[in-house]
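First comes one chain, alone, set out as structure tokens in the form predicted alone.
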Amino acid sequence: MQDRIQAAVDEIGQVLLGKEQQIRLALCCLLAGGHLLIEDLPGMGKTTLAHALARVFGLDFNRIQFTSDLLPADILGVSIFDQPNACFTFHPGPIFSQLILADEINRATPKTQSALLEAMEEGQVSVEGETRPLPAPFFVIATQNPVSLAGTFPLPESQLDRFLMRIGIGYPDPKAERELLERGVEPEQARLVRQSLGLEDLVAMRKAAGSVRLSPLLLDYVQRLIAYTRDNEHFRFGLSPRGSIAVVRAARTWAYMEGRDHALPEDVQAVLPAVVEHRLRVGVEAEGRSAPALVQRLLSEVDVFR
């Protein structure tokens, strides 16, 4: 199965050049059953990655473009009066799909952003007093521009915590950028991605990843990392239990993608920045430092074995 995972990574890598680590993290998030937040400048390939992930698994896909005038009903759906039958008929919104791209999510108001909370946590939505299940699997990829850009509404901590991972794409390296310049820009280039895995593969991979073994020594290491964030004054607040569970889920899945039936400290270290950076806030004692810098300090100061 690891060969097929690598084939999927290579397939997506044809349209997102030189970004294998980001592609593998995105796949890890999907296989772990979480939701993904991609934060970067416009034009870096965020939307391309989301489209490519949907195509490589053959998932039903909908894109929702978030704007300041978007309403919750535009996402969830609404009931419209059916005059011939003298009754209201519910018309599902775009959220009723297996993979949702919430494009530029932080351009919408907090009220509209919150329309995703129940869907991301429980796989269902409540509309007009009725609870409606969403398709399974249900996966949200949200993209957002840096909050320093004009016209953005920062995501609240409660919503950030719903995302298993947050990643950035970053500028391409010179070799990848040269290839991109020589190739030219293809409209809707994600359509070049071929399906290499199916829904049955996704279900089987999730089940197998969940059975990856965690040794007591590894769990001790994870607990020391978590305790560091809670006890160190450089962090305003530490990781929640949901955050600590997210670390373990992601590490298990990363180990599975590496072809092992047990997780190692290297698996925890590989996924930790993507899992915790958006969950942590810099404390007063560390003003002027970034969350990524503090997470790297966390990894360097916490011993793997004690």
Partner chain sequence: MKEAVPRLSLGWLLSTFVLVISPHLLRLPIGVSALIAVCIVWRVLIFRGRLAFPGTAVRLLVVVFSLPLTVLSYRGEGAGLDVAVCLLILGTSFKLLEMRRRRDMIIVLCLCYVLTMVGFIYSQTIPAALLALVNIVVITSALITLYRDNIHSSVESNTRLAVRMVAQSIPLAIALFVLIPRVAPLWSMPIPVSSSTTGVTDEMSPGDVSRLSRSAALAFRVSFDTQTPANEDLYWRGLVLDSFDGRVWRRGGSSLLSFEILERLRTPSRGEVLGEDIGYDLILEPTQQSWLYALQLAQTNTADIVQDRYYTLQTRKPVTQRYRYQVRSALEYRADVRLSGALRARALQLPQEDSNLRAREFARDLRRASSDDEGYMLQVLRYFQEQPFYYTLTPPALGEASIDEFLFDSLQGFCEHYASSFVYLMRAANIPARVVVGYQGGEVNPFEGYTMVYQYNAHAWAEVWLPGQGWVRVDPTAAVAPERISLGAQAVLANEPGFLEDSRFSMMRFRDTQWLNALRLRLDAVDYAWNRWVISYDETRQVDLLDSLLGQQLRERIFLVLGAVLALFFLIAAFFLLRGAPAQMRDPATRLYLRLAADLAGSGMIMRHRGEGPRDFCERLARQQPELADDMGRVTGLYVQCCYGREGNEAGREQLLQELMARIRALRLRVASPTRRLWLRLLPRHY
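Positions refer to the first chain, counted from 1. Note that the structure is a prediction, hence the values are computed from the model and not measured.
The protein also exists as the form predicted in complex with the partner chain; that form is not presented, and the subsequent description refers to it.
Colleague: Can you work out whether the partner chain is within 4.5 angstroms of a heavy atom in all three of Leu218, Glu266 and Val302 in the predicted complex?
Modeller: Verified in the predicted complex; spot residues all in contact, yes.
Colleague: Tell me which of 46-54, 242-250, 257-265, 24-32 has residues with heavy atoms within 4.5 angstroms of the partner chain in the predicted complex?
Modeller: The contacting stretch here is 257-265.
Colleague: Given that the partner chain is not shown alongside this chain, does Leu197 nevertheless sit within 4.5 Å of it in the predicted complex, heavy atom to heavy atom?
Modeller: No, no contact at 4.5 Å.
Colleague: Any of the heavy atoms of Thr89 lying within 4.5 Å of the partner chain in the predicted complex?
Modeller: No, Thr89 stays farther than 4.5 Å from the partner chain in the predicted complex.
Colleague: Look up in the predicted complex whether Lys111 has a non-hydrogen atom within 4.5 angstroms of the partner chain, and give yes or no.
Modeller: Flag for Lys111 set to no.
Colleague: Would Lys207 count as a contact of the partner chain in the predicted complex, using a 4.5 angstroms cut-off between non-hydrogen atoms?
Modeller: Lys207: no, not in contact with the partner chain in the predicted complex.
Colleague: Of Val212, Leu202, Leu155, Val193, which residue is found within 4.5 angstroms of the partner chain in the predicted complex when only non-hydrogen atoms are counted?
Modeller: The residue from Val212, Leu202, Leu155, Val193 that makes the contact is Val212.
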